[in-house]
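To begin, one chain is listed below as structure tokens, in the form predicted on its own.
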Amino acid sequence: MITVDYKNVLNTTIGDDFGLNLDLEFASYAPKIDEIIKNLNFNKDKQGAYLQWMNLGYNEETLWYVKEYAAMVEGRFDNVLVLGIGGSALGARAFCNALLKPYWNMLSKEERGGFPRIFFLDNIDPDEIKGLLDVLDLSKTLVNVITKSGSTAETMSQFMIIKDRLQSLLGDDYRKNIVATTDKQTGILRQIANEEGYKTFVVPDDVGGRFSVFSPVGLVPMALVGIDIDEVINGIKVMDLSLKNTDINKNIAAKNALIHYLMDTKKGHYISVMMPYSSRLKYVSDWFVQLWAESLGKEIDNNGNIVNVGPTPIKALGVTDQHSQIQLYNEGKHDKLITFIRVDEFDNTVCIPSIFEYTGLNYLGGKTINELINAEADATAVSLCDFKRPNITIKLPKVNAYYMAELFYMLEVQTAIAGELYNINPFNQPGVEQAKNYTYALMGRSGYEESKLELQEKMGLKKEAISD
């Protein structure tokens, strides 16, 4: 299994002012953690608890349908285009970046094993959309549109553009190039899919977007490009069994959640940096940023009190960001907890040739890039400790589907436990909904006329204040 090293948050490592006495804290919080883990597992089947993501590793029927569809369309398309935003794209993108060969879309079809290229259109920048459509042959592209409600303005505007082009290119056959992942019964996309006859997959009820990577939201794109989703499911199951343990000393998600919570509330380290030392894991940080920010950044607690809590997640990449961020982390404010992700065994070994021996570079000759990247990770962790900066290291034996699933599921459970420690609801996002409603009003959506007038008035007042 993946492992987590906590020694660099200990008071014996970085001092009492910034470090934690974990033996004492674990003993103190053991009853609370026991209660939280029992409640999570007890309520995971309860309607409206938004814990159905804990059951996704056991949905054999969905797994079978996804694999069947992937086999049915294998070899028919040169490209897969995923239309989604936030949780509808970040998880699958992270898995594809980690598990496909580097520069996948630049490889020949033979080098890709016959599987298609994959593109994620997760923003509505007009230049990006136009640029992609200029280079992509839509007639040879399978479009996976993902939105549970079907009312996500960004995703549906993309889909409207691409559906129109597909229909112009292919006539009535355009339907074969579309697969929709949406609500089982309701919503705009479900209505469209039923009327037009698209192949569909279901976003399960009580699964929020940022927790949906192991549903068809993530599994369909993964399967279409040949990722072994059986191994994904196996990784979830093994980690889920481990995280059912109510003993905090044997539950890495509970440990990590409590450490982050205590570092925030007791030590003032409210910024959480995720820093993988592997380019293949770069998008894990993007996915984690949404998971942590939307889940834990809340104004109101479960008792109705205004609390305005939530650690701020930051993404980084080792070793790249040693040259852009570590100066701040070492010598800036004592407000950050850094989580490194390390890979024990890379798929490839790259040797550094013994050249330029007449220069100061001779120490590198004969070594490997593998040794160098791990030396950089070790050096960064130790230097942070020299400056009394707490850091944690998550270790993956290899980057594969099994360990990626373990990592993602552990972070999901960690987030749910942290939400309980903060006494907030980690499964809603009212702050996001407000901006969505304002967007609907500005774009003239029916039912938002009063909001539009109110918003225009607010914007006008703001403009006057700025001009004054």
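Bear in mind the structure is a predicted one, so any value in this text is a computation, not a measurement. Heads up: residue numbers just count along the shown sequence, starting at 1.
Beyond the structure shown, there is the form predicted in complex with 5-phosphoarabinonic acid, which is absent from this document and is the topic of what follows.
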*Which one, 356-364, 328-336, 80-88, 127-135, holds residues whose non-hydrogen atoms are within 4.5 Å of 5-phosphoarabinonic acid in the predicted complex?*
80-88
*asked:* Looking at Asn251, Thr152, Asn144, Asn391 here, can you tell me which has any non-hydrogen atom within 4.5 angstroms of 5-phosphoarabinonic acid in the predicted complex?
replied: Thr152
*Let me know the one among Gln429, Asn400, Gln52, Thr62 whose heavy atoms come within 4.5 Å of 5-phosphoarabinonic acid in the predicted complex, would you?*
Gln429
*Please check if Lys148 has a heavy atom lying within 4.5 Å of any heavy atom of 5-phosphoarabinonic acid in the predicted complex.*
yes
*Looking at the partner-bound form in the predicted complex, is Asp264 within 4.5 Å of 5-phosphoarabinonic acid by any heavy atom?*
no
*Does any heavy atom of Gly209 come within 4.5 Å of a heavy atom of 5-phosphoarabinonic acid in the predicted complex?*
yes
*Is Gln290 one of the residues lying within 4.5 Å of 5-phosphoarabinonic acid in the predicted complex, judged by heavy atom distances?*
yes
